[in-house]
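Here you get one chain, nothing else, as structure tokens; it is the form predicted on its own.
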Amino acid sequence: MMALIAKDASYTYPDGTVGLSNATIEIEKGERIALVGSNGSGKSTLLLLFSGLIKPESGSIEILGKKIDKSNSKFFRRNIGILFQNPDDFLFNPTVKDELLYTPAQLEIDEDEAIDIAERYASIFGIEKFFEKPPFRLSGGEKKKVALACVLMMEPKILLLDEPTANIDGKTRRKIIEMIEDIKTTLVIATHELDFIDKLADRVVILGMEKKIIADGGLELLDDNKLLEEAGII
């Protein structure tokens, strides 16, 4: 069974900005994919389409065998985790504890069970000392850890990460890469950084300046300087 399928999927934002053009890609369950491209190449838009948060204006998206539909929204929330590039787009509750408990509450998970899960992931990510702090008072790296803990604690079948190592210090970056290495699920990670992809992915999809997929293959694509220059990555 395919985890994610896009067929000629295109999306234009309300302000007229083209987000993605005619993307076709199939991702099997358990695959680890790196979406590589320059800023504005359509990586984030493809992740949003694969999360079910937006619908293509043309073409189609299929997630775990289901079309994007309001009747499937709870199924998608339970089975898909998405980390936004800017954690401030994700964190909005009064405290870190409230952030960790928000999604379980939406999914009607027993409160005691939700607290146990939240405390376990807070310990894994080393954020238990921030439990009662407002997220806006945390550093960029701390916010990213909280956001990633919120995403992973529900053990989603599909994990979508948008620039997870951007704008954080070296120590936090290494820690997050190590955590992602250990994740056993379908993974799609969007990045313009090339140095760690071989640790996290076994397939590379390159998006070009025209918001289209221009290459799809193995890690050897990262050695093709002409292709990377065409995509505006180097």
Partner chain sequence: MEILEKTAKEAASFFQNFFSYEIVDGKFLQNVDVRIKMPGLFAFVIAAVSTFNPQKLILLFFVLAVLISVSRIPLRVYTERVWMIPAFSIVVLSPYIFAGNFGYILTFSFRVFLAVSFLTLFMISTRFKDVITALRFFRVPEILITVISTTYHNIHLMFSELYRILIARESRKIKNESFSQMWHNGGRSVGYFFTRAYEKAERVHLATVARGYNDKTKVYSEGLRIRIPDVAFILLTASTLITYLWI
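Positions refer to the first chain, counted from 1. Everything numeric here is computed off the predicted structure, so don't read it as measured data.
The following text describes the form predicted together with the partner chain, which does not appear among the structures shown.
Contact with the partner chain in the model of the complex holds for none of I25, L187 and A231, as no heavy atom of theirs lies within 4.5 Å. With the partner left out here, the partner chain still marks one of 46-54, 179-187, 28-36, 165-173 in the model of the complex; by a 4.5 Å heavy atom cut-off that stretch is 46-54. None of the heavy atoms of D116 is located within 4.5 Å of the partner chain in the model of the complex.
Shown alone here, E155 lies farther than 4.5 Å from the partner chain in the model of the complex, counting heavy atoms only. Residue contact check for R77: one or more of its heavy atoms lie within 4.5 Å of the partner chain in the model of the complex. Looking at K70, you'd find a heavy atom of it within 4.5 angstroms of the partner chain in the model of the complex.
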